[in-house]
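One chain follows as structure tokens, the form predicted on its own.
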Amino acid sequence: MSTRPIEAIVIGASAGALDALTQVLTPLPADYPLPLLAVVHLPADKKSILAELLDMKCRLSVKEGEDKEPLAAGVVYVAPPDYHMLVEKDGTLSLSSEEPVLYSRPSIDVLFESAADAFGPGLVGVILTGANEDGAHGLATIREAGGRCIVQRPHNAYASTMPLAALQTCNDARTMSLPEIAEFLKEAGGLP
């Protein structure tokens, strides 16, 4: 496991995501010192209100990521519907309409792989509830780059397929409940 300071957090979730993200993000303060990026599988043909809902519930600022936008501490960037969200090595976001991955656009794997390339050992990847295998390969990429890997305990998840798939590719990932993940993220940001 890396001792490099953590520079960013990436989170992937699908079925049951709103409740899981709410439990993980609401304990974090408005001045959280790291950027957080989240992919949730959303219908491609409808406007999403996920970022607005989370913004109302959280002390952090929550918004949909925009192309060429520089990452900022204390902001949660949610991938917009029908776009892959990637992190560039210069610390900016990019959006892509490349083919879906595992029937998903946005794809957790795409975000995690690009963030692993950008942040290496300075990245934490978190897999939450979900009903497909998206994110498993991306989490393995984060581990290979020296980052830290967290998976929601499958038996606590609304849908256990995604956490179970992540643990198959990263069997040394730390498993935690949602409150434990929130505490880990506070500690990762150097908060008491």
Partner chain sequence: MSDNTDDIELRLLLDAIFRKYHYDFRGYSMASIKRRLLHAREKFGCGTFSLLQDKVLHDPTVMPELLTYLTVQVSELFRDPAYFRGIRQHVAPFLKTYPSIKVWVAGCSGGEELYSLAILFREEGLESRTMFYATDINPKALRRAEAGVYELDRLAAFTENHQLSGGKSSLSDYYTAAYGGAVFDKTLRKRVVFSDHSLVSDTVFAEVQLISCRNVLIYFDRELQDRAIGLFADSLSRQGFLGLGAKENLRFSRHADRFIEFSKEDRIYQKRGAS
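Keep in mind the model is a prediction, meaning the values are calculated, not measured. Residue numbers count along the first chain shown, from 1.
The protein also exists as the form predicted in complex with the partner chain; that form is not presented, and the subsequent description refers to it.
Enquirer: Given the partner chain in the model of the complex, answer whether the residues 97, 113 and 118 all have a heavy atom inside 4.5 Å of it.
Expert: Yes, the whole candidate spot contacts the partner chain.
Enquirer: Is the gap between residue 55 and the partner chain in the model of the complex 4.5 Å or less for some heavy atom pair?
Expert: Because no heavy atom of residue 55 falls inside 4.5 Å of the partner chain in the model of the complex, the answer is no.
Enquirer: Heavy atoms within 4.5 Å of the partner chain in the model of the complex: does residue 101 have any?
Expert: Contact with the partner chain, yes.
Enquirer: Even though the partner isn't displayed, in the model of the complex is residue 68 close enough to the partner chain, meaning a heavy atom within 4.5 Å?
Expert: Heavy-atom contact with the partner chain at 4.5 Å: present for residue 68.
Enquirer: Tell me which stretch of 158-166, 59-67, 125-133, 22-30 has a heavy atom within 4.5 angstroms of the partner chain in the model of the complex.
Expert: Checking each option against the 4.5 Å cut-off leaves 59-67.
Enquirer: In sequence order, which positions of 70-97 have a non-hydrogen atom within 4.5 Å of the partner chain in the model of the complex?
Expert: 80, 83, 86, 87, 88, 89, 94, 95, 96, 97 sit within 4.5 Å of the partner.
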